[in-house]
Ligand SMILES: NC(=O)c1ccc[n+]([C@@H]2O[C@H](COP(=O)([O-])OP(=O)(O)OC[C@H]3O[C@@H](n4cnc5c(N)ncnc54)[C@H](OP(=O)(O)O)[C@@H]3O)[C@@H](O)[C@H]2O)c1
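Take a look at this single chain, the form predicted alone, given in structure tokens.
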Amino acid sequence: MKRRAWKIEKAGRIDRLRLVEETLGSLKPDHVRVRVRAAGLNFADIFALTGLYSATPKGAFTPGLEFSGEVLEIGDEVSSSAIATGQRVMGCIRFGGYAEVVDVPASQLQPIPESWSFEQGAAFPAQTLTAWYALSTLGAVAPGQLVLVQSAAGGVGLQAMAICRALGAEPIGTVSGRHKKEFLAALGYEEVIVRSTDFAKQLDNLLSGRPLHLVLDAVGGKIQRQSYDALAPTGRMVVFGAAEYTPGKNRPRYLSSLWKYLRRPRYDPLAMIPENKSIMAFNLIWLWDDMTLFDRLMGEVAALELDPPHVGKPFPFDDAPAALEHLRSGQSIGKVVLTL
């Protein structure tokens, strides 16, 4: 079977990404073949393409961690009661999502709710798993607790805000621009900070003495340190990204990244003991090495019955480079997806 896929022969520059035609081999017995209708974009794709992601595959690879589509073929070892040909599904994949057809284990697929579009399905798995794992498993969020969500208008941020609301926690969002704050206000989120050079004072004024229990951070740098300093005793910070190292249009900014790395926040575990604060960090990609946990988290997320995610801007499949640049620019709201 022939398919088109976006592929890079060697990580390092985004402009090395090429649309190629290739032949798929026979389907593995425990896999499902899916005709992709939409693929979600993540910052991990940009970091992988530029070689800055710790899990970047060696040699040639196709980016993409999540997708949605229709089941074309089912492997002989997959239970026929679990999935059916023609079924609408969404799923996660350890790279390979920017393709017209993908083969994945059946356990990495979930049915798309009937009222959701393919674009919404492709926008759900990776970002929602990230937000849920950060908030529940690591953050141990509880009703009534204050949660600071950095980049709250992005894909993960919006899901984190929604999950906080579903669990009875009180989210405070931070964003990079006023248009993003207005977007969140329209969704009913009243406590949102447009980050400035005096972020510490902004946060202190908004908290007004209230204890900050949890911070979700994917920004890094000075903002991260100031957020940590604002935590109340027993507060937790969960780090899952570092947007301040976002590459240039095609390749890493090596000198500025090195400078930021040398000036990165440093935390002393011994000091955390009397402060009674903690920092945790994770990379979602390792979940593919623990499918038992992966399945449990997917089940927990499904039980939340969240509203469909916000798709900010869909791009045609053939315009993947433009879609990546839109995401990289930091101007996107919600999820950026490719449509087929």
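Residue indices: 1-based, along the sequence shown. Here the structure is a predicted model, which means the values were calculated and not measured.
Not pictured, yet referred to below: the form predicted in complex with this ligand.
Trainee: Where, among 42 to 50, 303 to 311, 26 to 34, 271 to 279, do residues come within 4.5 Å of this ligand in the model of the complex by heavy atom distance?
Mentor: That would be stretch 42 to 50.
Trainee: Considering non-hydrogen atoms and a 4.5 Å limit, which listed residue (Gln202, Ser257, Ser176, Asn250) is close to this ligand in the model of the complex?
Mentor: So the residue touching this ligand in the model of the complex, by this definition, is Ser176.
Trainee: Of Ala169, Ala162, Val219, Leu138, which one comes within 4.5 Å of this ligand in the model of the complex, counting heavy atoms only?
Mentor: Comparing distances to this ligand in the model of the complex, the residue within 4.5 Å is Val219.
Trainee: Given that this ligand is not shown alongside this chain, does Ala323 nevertheless sit within 4.5 Å of it in the model of the complex, heavy atom to heavy atom?
Mentor: Answer no; every heavy atom of Ala323 is more than 4.5 Å from this ligand in the model of the complex.
Trainee: Heavy atoms within 4.5 Å of this ligand in the model of the complex: does Phe183 have any?
Mentor: It does not: once this ligand is placed as it appears in the model of the complex, Phe183 has no heavy atom within 4.5 Å of it.
Trainee: I'd like to check something about Glu119: if you look in the model of the complex, is any of its heavy atoms closer than or equal to 4.5 Å to a heavy atom of this ligand?
Mentor: Residue-level check for Glu119: no, no contact with this ligand.
Trainee: Taking this ligand as it sits in the model of the complex, is Ala38 near enough to touch it, meaning that at least one heavy atom pair lies within 4.5 angstroms?
Mentor: The answer is no: Ala38 has no heavy atom within 4.5 Å of this ligand.
Trainee: Just give me the residues of 103 to 130, first to last, that have a heavy atom within 4.5 Å of this ligand in the model of the complex.
Mentor: Heavy-atom contacts within 4.5 Å come from Gln127, Thr130.
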